[in-house]
Each structure stands twice: as C-alpha cells, then as structure tokens.
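Next up is one chain by itself, shown in structure tokens, the form predicted on its own.
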Amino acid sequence: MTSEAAIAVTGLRKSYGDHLVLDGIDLDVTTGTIFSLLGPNGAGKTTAVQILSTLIGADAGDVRVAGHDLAREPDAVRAAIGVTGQFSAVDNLLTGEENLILMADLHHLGKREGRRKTAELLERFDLADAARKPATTYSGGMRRRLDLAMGLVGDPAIVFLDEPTTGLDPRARHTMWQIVRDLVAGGVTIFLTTQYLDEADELADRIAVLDQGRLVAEGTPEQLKRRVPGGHLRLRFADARGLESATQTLGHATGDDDALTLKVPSDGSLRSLKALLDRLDDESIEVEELTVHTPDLDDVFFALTGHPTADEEKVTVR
C-alpha cells in the first residue's frame, strides 16, 4: 500500500459456500489513473467490484478505498465513490433531468445546488436537449451517459465502471471512452471491468488479469503484450523464386507457397525489422509487401486464461 493509492487491497478473499471466488488477491490502484480488471466469465471480477464498492462483504483481506478502511469506514467509502454497473440504474418513468435530481436528493444536496449540478451534468454529457424527455426514449448510448452522469452527482474521487459500453455501437463506445478520459484528466480514478479487450488496451494505464479468483498477471498493456510470443513479420513476394530465396536466406521462417508469403518470427522492434531488410537487400531479394504483426491483448488473455492450472502462480510484470 502506498500513500498515492486510490485503492489498496491485500489478501482479499471471498467464498460462497465451498466455492472460492476470490483467492487472496492484491491490488494497488494509483490515484488519477485508469485501472482495468480483466478475466473470463466467472473469474470474480464483478464480485471484486461489489466488495470494493461496499455492496457485499469480504471474508478476509485488508482493503482501503480513497484512504478509508473498507470494513470500518464503509460510509466514508460510499461518499468517495461512484458506481456504474452492467445494468442501468436509470428510472424509465422519469426524464433525464428528473433522474439526476433524484440522485441529487439522495446525496442530500440542497434544491438550488441539486439543480445546478443537474444542469451541469446534462450539459457535460450532451443530454441537455433531451433533459425533459422520458428516459424510455433515449438511445443506448444516451442511457449509458445518463447512467454515468447519475454516478457523478456526488463528485466521487473514484468511479467503478462495470462493463460500461456493453451493447453500445462503435460511435457511442468512442463517445464513452472520451468521457472516461476527461474524467481522469480531471483527477478522477477509474476502476474498469470490461469484456472488450480493445477497450482496456485503449483506456487502461494498468491492467490486472483475474482467472479462477486469482491474479495471474499485472502490468501496463504494453508490458503484458511483451510477455506473449507470436510476434512476426509477414513478407509477400512477387514470385516463387523470391519466396524460395528468402526462405533460404532467413532460415527460421514458415512459408506459404500458394500465397507466396513468409512468416518470420520477430519482436516487432525497429532494430529487428532493419536487420531483416538488410539481409534481404544484401541478397538482392525484393519484397512486394511487408506487414508487422505484434501480439495484442486477445493473445495475452487467451495465453493467461486459456489453460488454467491448479498451481498457477501470480506473475507481476515490471
């Protein structure tokens, strides 16, 4: 735990009967960053969010959220956080404005302050024109924006986003991503769970991978991707003679005679790319097309969670 940690967790455990959901996980989330928790269905992600947001209790572990002890100061933790879950908290019978005013009342804001905050959030989330329309008329993206706005009425220091863009079209997803970035630029800490690996890659400063209730890896997106083999260069040639010459020159490579391509293992670095091109140039071998393929978070996810073992140990990427 550090003084800079927005969330600091040591030895968090949770069971339901004989089923162990969280098996002693440790987390350290730096203030003003986006931290993403990934894992397959049933890995324990939602349970972790529910515990950290005081919705359910833990069986064991030391947890501090926004500097407050979760077990001894749950009210202080609730005052410091906002939560947007997988399912919208929007009341369909109310307008967007009325939903926000209701949240302001729940936060015990005065009438004037509540209306000021409501107007500010409607403008900030591009909902002002639809403020007095029933929430049932809102598109999926508008509902998610309203849902997030409702979670920000109390000016939380930490926001838990549990699969915030599920079901949104690409344009709405990108709009939500920009909102998240703007929140972090304003000093808010984001704890994100998502099934979209490209979303975590796009947004997260740091990622932890949870599998069967245990943390199996943690690091920045780039650090995690460097742990997975599979990077390669794909070369395409004009004719079979060029493919054959390149195969003989480069050695450890896999050729496709029909496609006239060669797959060469590579870490994707500029140095390795230059070395390969120099070798081909020395032999006067011309390449029609070159493509660099590097592992992505999909590769990381499947490598870490595809074949879990009972004695799998936590791997920390530094």
Partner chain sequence: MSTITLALTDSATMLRRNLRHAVRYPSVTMIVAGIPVIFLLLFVYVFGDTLGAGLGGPVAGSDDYVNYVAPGILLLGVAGAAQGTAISVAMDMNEGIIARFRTMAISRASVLTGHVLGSMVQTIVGIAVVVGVALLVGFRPTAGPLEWLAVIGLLTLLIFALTWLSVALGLVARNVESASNLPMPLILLPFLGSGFVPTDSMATGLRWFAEYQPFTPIMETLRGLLLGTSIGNDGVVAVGWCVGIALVSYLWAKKLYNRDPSR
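Here, rigid core means the biggest group of C-alpha atoms that superpose within 1.5 Å across both forms. Numbering follows the first chain given and starts at 1. Just so it is clear, the structure is predicted and the values come from calculations on it, not from any experiment.
Same protein, other form: the form predicted together with the partner chain, not shown, and the subject of what follows.
Participant: Does every residue of I81, T95 and H107 put a non-hydrogen atom within 4.5 angstroms of the partner chain in the model of the complex?
Facilitator: Looking in the model of the complex, the three residues I81, T95 and H107 all sit within 4.5 Å of the partner chain (heavy atoms).
Participant: Hey, in the model of the complex, does I190 get a heavy atom within 4.5 angstroms of the partner chain?
Facilitator: Because no heavy atom of I190 falls inside 4.5 Å of the partner chain in the model of the complex, the answer is no.
Participant: Even though the partner isn't displayed, in the model of the complex is L55 close enough to the partner chain, meaning a heavy atom within 4.5 Å?
Facilitator: Contact check for L55: yes, within 4.5 Å of the partner chain in the model of the complex.
Participant: Tell me, yes or no, whether D129 is in contact with the partner chain in the model of the complex, where a contact means a heavy atom of each within 4.5 Å.
Facilitator: Flag for D129 set to no.
Participant: Tell me, yes or no, whether L243 is in contact with the partner chain in the model of the complex, where a contact means a heavy atom of each within 4.5 Å.
Facilitator: L243: no contact with the partner chain in the model of the complex.
Participant: Among 286-294, 47-55, 253-261, 270-278, which stretch has residues whose heavy atoms lie within 4.5 Å of the partner chain in the model of the complex?
Facilitator: Checking each option against the 4.5 Å cut-off leaves 47-55.
Participant: Though the partner chain is not shown, can you say which of G141, G231, G151, G219 has a heavy atom within 4.5 Å of it in the model of the complex?
Facilitator: Of the listed residues, the single hit is G151.
Participant: Which residue, M176, A157, V184, L102, has a heavy atom that falls within 4.5 Å of the partner chain in the model of the complex?
Facilitator: Of the listed residues, the single hit is L102.
Participant: Could you list the residues in 12-43 that come within 4.5 Å of the partner chain in the model of the complex, counting only heavy atoms and keeping sequence order?
Facilitator: Result: K14, Y16.
Participant: Establish whether a shift of 2 Å or more occurs at the C-alpha of A71 between the shown form and the other one, with the two forms superposed on the rigid core.
Facilitator: Stays below the 2 Å threshold, so no.
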